[in-house]
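Before any questions on how it binds or moves, here is one chain, the form predicted on its own, in structure tokens.
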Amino acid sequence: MSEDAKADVKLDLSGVMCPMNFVKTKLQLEEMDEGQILEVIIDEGEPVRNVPRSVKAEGHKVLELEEVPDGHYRLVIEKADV
């Protein structure tokens, strides 16, 4: 995500077990408008493997996925018109 692009909504799901990571991400995306940016913090393991794939399958765009210093991952999603 470029420096001038800011997340419209931030969601910290660290410590949340699968499949609730995707459920909570999906519910948040449903509340957002097309083109808005959602930043989600997720755990390593199942969440980082499954959430980005599931978000893409729903038609949204994954802009960024990076490991952050505390061992979690930062997932940046652009809401699609689905």
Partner chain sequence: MAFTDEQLERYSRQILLKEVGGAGQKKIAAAKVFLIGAGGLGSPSALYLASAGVGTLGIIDDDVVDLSNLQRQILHSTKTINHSKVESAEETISKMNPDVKVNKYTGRLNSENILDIIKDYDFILDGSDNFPTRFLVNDACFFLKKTLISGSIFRFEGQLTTLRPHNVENGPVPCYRCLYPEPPPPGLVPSCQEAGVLGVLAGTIGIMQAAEALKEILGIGESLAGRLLIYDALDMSFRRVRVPKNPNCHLCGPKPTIHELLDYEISCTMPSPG
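Note that the structure is a prediction, hence the values are computed from the model and not measured. Positions refer to the first chain, counted from 1.
There is another form of this protein, the form predicted together with the partner chain, and it is not shown here; the text below is about that form.
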Give me the residue from 74, 61, 10, 24 that has a heavy atom within 4.5 Å of the partner chain in the predicted bound form.
24
Evaluate residue 33 for contact with the partner chain in the predicted bound form, applying a 4.5 angstroms cut-off between non-hydrogen atoms, and reply yes or no.
no
Although the partner chain is absent from this view, report whether residue 20 comes within 4.5 Å of it in the predicted bound form, heavy atoms only.
yes
